[in-house]
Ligand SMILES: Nc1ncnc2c1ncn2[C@@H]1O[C@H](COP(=O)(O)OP(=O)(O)OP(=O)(O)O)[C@@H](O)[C@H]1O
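Before any questions on binding or motion, here is one chain by itself as structure tokens, the form predicted alone.
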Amino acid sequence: MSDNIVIAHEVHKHYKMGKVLVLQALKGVSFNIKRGSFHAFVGESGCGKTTTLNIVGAISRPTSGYVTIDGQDISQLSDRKLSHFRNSYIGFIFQNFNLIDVYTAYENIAYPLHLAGIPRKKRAAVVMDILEKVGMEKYATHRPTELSGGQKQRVAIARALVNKPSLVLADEPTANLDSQTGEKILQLMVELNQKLGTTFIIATHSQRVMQYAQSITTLRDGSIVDNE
């Protein structure tokens, strides 16, 4: 098993704007991400970090180049296989939480297990375990409208981890939180990264998030300008 869970080689991503104009979101980026690390893609808005995250997360395909996760070239997978791979290997944490308002915290976390065909009894044990890990077991029956921003993000983190993914991707996970709550969320993610060995990859422009990262890739105008 390679030390690198993610390998990207000469990844380009172009978006066609109208009939002629082409936007070059990524211009041949290459990077490796260590298994079990806490990695950050950083840069100003429009630098390409979210595009990079989406390609690593198998949400978007590169125009050229390739990305491998655990040795699997995800650009070669069919849409059906890519969807299965994404659900099995990758967890997502979003800036706006993306919780289902009519579901309780428990139901939001259980939903990926339901999609994966996990039986109800087994789902219950797994969901309660992850709720406890993120300190939300007392709020299992609360709906998102009854939770604070920090509590919603804890539920979102639990949902991202419930399938035991190899990789968790987070796009500006503290952007909609006050500084104190954001700090607690970051500490929680670092704690889970260390306890579970799950690789975390974060797209951010926050200096506070960068301080927690073990490695950093800096992007500017679709190109990598620094790897630390």
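The numbering used is simple: start at 1 and walk along the sequence shown. Being a predicted model, the structure only gives us computed values, none of them experimental.
Another form exists, predicted in complex with the named molecule; not displayed. Remarks below refer to it.
Peer 1: Tell me, yes or no, whether H12 is in contact with the named molecule in the model of the complex, where a contact means a heavy atom of each within 4.5 Å.
Peer 2: No, H12 stays farther than 4.5 Å from the named molecule in the model of the complex.
Peer 1: Answer for P62 alone: is it within 4.5 Å of the named molecule in the model of the complex, judged on heavy atom distances?
Peer 2: Looking in the model of the complex, residue contacts with the named molecule do not include P62, since no heavy atom lies within 4.5 Å.
Peer 1: Using the partner position in the model of the complex, report whether E183 sits within 4.5 Å of the named molecule, counting heavy atoms only.
Peer 2: No, no contact at 4.5 Å.
Peer 1: Even though the named molecule is not shown here, does E44 get within 4.5 Å of it in the model of the complex, heavy atoms only?
Peer 2: Contact with the named molecule, yes.
Peer 1: So which of 185-193, 65-73, 45-53, 28-36 is the stretch with heavy atoms within 4.5 Å of the named molecule in the model of the complex?
Peer 2: Careful reading of the contacts points to 45-53.
Peer 1: Which residues in 167-203 have a heavy atom within 4.5 Å of the named molecule in the model of the complex?
Peer 2: Residue within 4.5 Å: E172, and no other.
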